[in-house]
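Following this are structure 1 and structure 2, which are two forms of one protein chain, each written alone as structure tokens.
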Structure 1
Amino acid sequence: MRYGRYPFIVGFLAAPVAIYVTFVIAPYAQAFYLAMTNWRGVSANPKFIGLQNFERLLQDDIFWKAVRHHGLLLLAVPLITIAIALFFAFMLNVGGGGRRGEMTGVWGSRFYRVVFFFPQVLAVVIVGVIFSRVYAPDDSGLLNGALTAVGLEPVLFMADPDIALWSIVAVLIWQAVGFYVVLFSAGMSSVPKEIYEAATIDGANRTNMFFRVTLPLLWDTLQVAWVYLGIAAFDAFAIVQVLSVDQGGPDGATTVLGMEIYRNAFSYSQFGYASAMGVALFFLTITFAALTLRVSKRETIEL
């Protein structure tokens, strides 16, 4: 095993490490430096201006608007998605009741599991474009077409600042649920059958079974789901860009940090300022993940 070992190791690692360091590590490292410059892309050398970008950030209304939107996305999307997905996963795995102690899903479980997952394999952008037509303000939209058909007033889903963000929340949930149904199903199938059997014999009904058996044993998976959905909530760029009017509008009602970073960098050439927003986004994400893991930490239940 020793002959030619080092040349082999170096040969195998050189290319992947080179690509990775150039396109992933170097940009991340540079982002922190760029955030402290006033670079606008035109001057040859970015000028170091310390924390000025961050001071400007704190007084930027649109930045705070974006942060507030992340707050809403962070609460609404994971809460609703997890609640729906948990209920469906429970129905699909245990909802059919016990046949000789063995829990089965309801009739058609396989079908539902396949269909619910559909949106997950579609690009977020494609989903966004589809929904921009579904939400179309006139009869040509799927929803308004249906509303006017039953004699209701059309709703301006994306143009009304009060409901625009919620319309985006709905799309995010629509796309995410299937994935978490599968994720929770995987978690539920690893719960030993004997536990359900014992619970059935002791007379636990379905509600009891859900709250006292399934939920505690699924805690780790739930935690992972929450972190995933939270991180996804920090990255709603694609959907906002294609679905919202005016890239984050109306009047900033749907904007997110990703949108502002993209706009500042590529529309206004404010590379330094955009990087400062990137750094802010990074710390928000890390704080969120750390907090979630901390708050939801509890004794793992031994099986």
Structure 2
Amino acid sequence: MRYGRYPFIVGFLAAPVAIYVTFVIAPYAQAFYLAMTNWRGVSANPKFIGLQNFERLLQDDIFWKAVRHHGLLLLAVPLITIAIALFFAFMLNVGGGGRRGEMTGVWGSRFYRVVFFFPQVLAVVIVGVIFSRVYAPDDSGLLNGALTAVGLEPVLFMADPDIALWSIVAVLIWQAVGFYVVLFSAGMSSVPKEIYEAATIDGANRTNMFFRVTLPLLWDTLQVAWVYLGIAAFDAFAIVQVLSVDQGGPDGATTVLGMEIYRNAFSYSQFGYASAMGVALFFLTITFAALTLRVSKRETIEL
């Protein structure tokens, strides 16, 4: 058995490694190659042009506008989503204070936990359709109907360049909060109740328990949440495609890299240039994840 161990391990791993290389690594390598060609999607032998597509990227204003939009999304979406989700999770788990010797959530916490999770089970396209009615520019929309009812002028949420991207941010946050409420609730439920009870006996109020007990103990979960939300911010294509005016408009006010990749590939038949944008998006995502894990690294607290 000892001499047959390594052939068995190699044989066991060969199939999954071959599948991973074929369906994950190979498409990446192909995209990197296409990024250095002028392929327009029809030629069997695209012309190799080196780094010309990347040189064009550096001079493309719409590319840099999309990158700036990702910068705003990377700050706003993770920060606001985590803040809201942490607050709700804290209230649902220990916000009700001590009852019969145990820390409990606010009244109706089980019902709220289910309600918060509803947006997570909806497909992205359905979310886009729902908010297309919420943001409707006339009084048939939910928000403008309420504004009109109190005598205010309707707001052009998706047609005003100053607020269109923030309207997209609000949708991304609305969709993500429920999942992270459940994630943080699971993390808080693993914290021994004795720690909260000891903090209560020592005179800690809810604010102190939140910042001095809950946050330090959930740091690893927060770190992972920030990375996932950042990657989601890089992948805002579907919401922008469904909700925005003229696919990333008005006048590029809501465009993101995913939108520009789609537009260059399938509207302008510039697959080589679109692949160069995809390569840039790949390195931006990897850099963000590495920096986040590096900057937020800290010693784990053992329970």
Partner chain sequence: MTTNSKPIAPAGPAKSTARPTGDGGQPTGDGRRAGRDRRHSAATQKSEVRLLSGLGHIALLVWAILVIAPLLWTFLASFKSNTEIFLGSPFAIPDSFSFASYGRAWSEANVGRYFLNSVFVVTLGTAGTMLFGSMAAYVLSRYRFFGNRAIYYLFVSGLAFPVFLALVPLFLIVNNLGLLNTYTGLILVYIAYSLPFTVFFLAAFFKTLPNSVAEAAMIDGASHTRLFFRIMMPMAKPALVSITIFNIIGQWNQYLLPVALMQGQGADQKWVLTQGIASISTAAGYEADWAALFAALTMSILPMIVVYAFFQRQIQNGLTAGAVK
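Counting starts at 1 with the first residue of structure 1 and goes up one by one along its sequence. Take the two forms, superpose them, and find the largest set of C-alpha atoms that agree within 1.5 Å; that set is the rigid core. These numbers were taken from a predicted model, which means no experiment stands behind them.
In this comparison, the chain shown as structure 2 is the form predicted alone. Remark: with the core as the superposition reference, the CA shift of Phe12 between structure 1 and structure 2 reaches 2 Å or more.
When the rigid core is held fixed, the Cα atom of Phe283 travels less than 2 angstroms between structure 1 and structure 2.
Taking the rigid core as fixed, one finds a CA shift for Ala26 of 2 Å or more between structure 1 and structure 2.
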